[in-house]
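Here's a solo chain for you in structure tokens, the form predicted alone.
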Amino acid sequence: MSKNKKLPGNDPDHKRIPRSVIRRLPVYLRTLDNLVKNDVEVVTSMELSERTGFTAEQIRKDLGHFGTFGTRGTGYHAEALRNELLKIIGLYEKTAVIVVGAGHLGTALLRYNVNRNPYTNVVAAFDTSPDVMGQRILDVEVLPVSRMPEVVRKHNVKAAILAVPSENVQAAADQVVKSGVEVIFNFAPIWVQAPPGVFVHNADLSIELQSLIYYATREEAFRSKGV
């Protein structure tokens, strides 16, 4: 991920905010979303800790980067804090997103973001295969890559999800950047390069799975030793 791009938030010096804090904010947001849906008006940092897995101290420290929220001894007003997080992250209005690659993975990611992510609006999918061109996935049309700049300008697209084969992913990323998109979520198993000012998150699912397997094998080893 590029270090040249400022992180979101109300702090005038955004670069002081650790990246790990930014990555935890959506977890807090999702938790608060569920609380608001269940008509919970006030929540304490301890209750947020139980629901998120982060310590109450960590939650208070994270939120403290952006201002003072809640009342000591009472807690946070759930809806008010949810609304503040929406502003901090930049989700106060739906963010336009495109999906590049309309194969099995791209279709699954598109369906998830249409059905389960209330803060994104998938405006189009792109592919080079004539077999899928012109098809609609949950009313999202699959378009030729040549139309990407037009769609990005029209919808003010902020982010692109890349779900293309490894051998095509860098070219796809280059096209996305050329079209004016500044955030790339790459699901191909190789890292892509982008110029300064463009955020890239490379999500290698095989590496993530292997990392989790480490914990499973360690746990088995401990049990076999009677630890």
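The structure displayed is predicted, hence computed values, not measured ones. All residue numbers are counted from 1 along the displayed sequence.
Although it is not shown, the form predicted together with the DNA is what the next lines describe.
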ask   = When the DNA is placed as it is in the model of the complex, which of 149 to 157, 69 to 77, 88 to 96, 103 to 111 ends up with heavy atoms within 4.5 Å of it?
value = 69 to 77
ask   = Any chance 175, 178 and 193 all have a heavy atom within 4.5 Å of the DNA in the model of the complex?
value = no
remark   = The listed residue (58, 202, 52, 170) that reaches within 4.5 Å of the DNA in the model of the complex by any heavy atom is 58
Close approach of residue 206 to the DNA in the model of the complex, 4.5 Å, heavy atom = no
ask   = Should residue 31 be counted as a contact of the DNA in the model of the complex, where contact means heavy atoms within 4.5 Å?
value = no
task = Look up in the model of the complex whether residue 19 has a non-hydrogen atom within 4.5 angstroms of the DNA, and give yes or no.
result = yes
message = Would you classify residue 166 as touching the DNA in the model of the complex, given a 4.5 Å non-hydrogen atom cut-off?
response = no
